[in-house]
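Given as C-alpha cells, the chain that follows is alone and in the form predicted on its own.
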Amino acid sequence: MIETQLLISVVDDDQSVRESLPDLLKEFGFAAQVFSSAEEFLASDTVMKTKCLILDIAMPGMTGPELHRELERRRLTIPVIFITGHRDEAVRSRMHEEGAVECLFKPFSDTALLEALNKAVPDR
C-alpha cells in the first residue's frame, strides 16, 4: 500500500529558504510546495491540500500574520509554523497568542523544525 505524504507549504520571500526547506521536508517524509508570497499561495490550488504551513512573518505585500488571519477568515484551519529572521521574543509570544503552533527564529535547527512539525501534524 502506498502511503500518501502530507503536504507542507512554505511561504517565504527568501529564495535560499525556498530552495533548502523542501529537501529537508522530504527527508522528514513530507511532500513540499514553495511560494514566494502569501498572494501566490492563496491563488494556488494547494491551499486546500496543505496540512501545515511554514510561513515567514515579514514579507512584501501580505505578511505572514495577515495570511494567517485571512485563512482563519476563510475558516481554513491549517496549522502554522512561523519563521522569522528577527529575534524578538515579543513577536514569538504574539504569534503563539494568534494560534501559531510554533515561531522559529532563523537560522533554526533541523531538530527544532521537526519538533514543530510533529506538534503541527501529530498523527502522521
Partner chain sequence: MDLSEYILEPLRKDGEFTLYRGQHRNPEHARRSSILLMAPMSRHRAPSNLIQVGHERSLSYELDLAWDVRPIGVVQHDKQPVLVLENPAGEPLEALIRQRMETGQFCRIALVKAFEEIKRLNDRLQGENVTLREQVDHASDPALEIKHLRRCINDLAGVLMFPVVWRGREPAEILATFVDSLMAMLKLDFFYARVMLKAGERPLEVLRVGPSYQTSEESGQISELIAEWIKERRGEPPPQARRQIGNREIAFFPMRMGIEGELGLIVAGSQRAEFPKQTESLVLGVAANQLAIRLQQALLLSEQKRAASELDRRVAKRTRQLAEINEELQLQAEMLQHLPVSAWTLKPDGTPDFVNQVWLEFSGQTLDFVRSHPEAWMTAVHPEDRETASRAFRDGVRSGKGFAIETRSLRAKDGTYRWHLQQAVVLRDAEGKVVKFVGTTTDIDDQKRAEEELRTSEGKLRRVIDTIPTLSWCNLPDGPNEFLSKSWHEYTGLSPEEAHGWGWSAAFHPDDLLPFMKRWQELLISGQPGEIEARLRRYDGEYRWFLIRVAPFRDETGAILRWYGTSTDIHDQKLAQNQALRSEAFLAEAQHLARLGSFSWRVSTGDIKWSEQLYRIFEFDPGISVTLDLIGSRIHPEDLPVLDSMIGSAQRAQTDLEYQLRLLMPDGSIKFLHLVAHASPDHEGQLEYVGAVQDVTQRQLAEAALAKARSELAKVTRIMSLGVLTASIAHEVNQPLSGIVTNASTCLRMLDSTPPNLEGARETARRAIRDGNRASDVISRLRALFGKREVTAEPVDLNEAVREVIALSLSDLQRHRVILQLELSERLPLLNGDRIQLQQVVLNLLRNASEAMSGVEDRPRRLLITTEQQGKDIRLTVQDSGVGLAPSDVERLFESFYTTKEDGMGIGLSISRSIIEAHHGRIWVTANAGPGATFAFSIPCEHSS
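Residue numbers count along the first chain shown, from 1. What you see is a predicted model; the values in this text were computed from it and never measured.
This protein has a second form, the form predicted in complex with the partner chain, left out of what is shown; the following refers to that one.
Visitor: Heavy atoms within 4.5 Å of the partner chain in the predicted complex: does Thr63 have any?
Guide: Contact check for Thr63: yes, within 4.5 Å of the partner chain in the predicted complex.
Visitor: Residue-level question: is Phe30 within 4.5 Å of the partner chain in the predicted complex, judged on heavy atoms?
Guide: Close contact is absent here: in the predicted complex, Phe30 is far from the partner chain, nothing within 4.5 Å, heavy atoms only.
Visitor: Does any heavy atom of Leu71 come within 4.5 Å of a heavy atom of the partner chain in the predicted complex?
Guide: Close contact is absent here: in the predicted complex, Leu71 is far from the partner chain, nothing within 4.5 Å, heavy atoms only.
Visitor: Would you please decide whether His86 lies within 4.5 angstroms of the partner chain in the predicted complex, comparing each non-hydrogen atom pair?
Guide: His86: contacts the partner chain in the predicted complex.
Visitor: In the predicted complex, does each residue in the set Ser93, Glu98 and Val101 place a non-hydrogen atom within 4.5 angstroms of the partner chain?
Guide: Checking in the predicted complex: none of Ser93, Glu98 and Val101 is within 4.5 Å of the partner chain.
Visitor: Within 5-19, which residues come within 4.5 Å of the partner chain in the predicted complex, counting heavy atoms only?
Guide: Those in contact are Asp13, Asp14, Ser16, Val17, Glu19.
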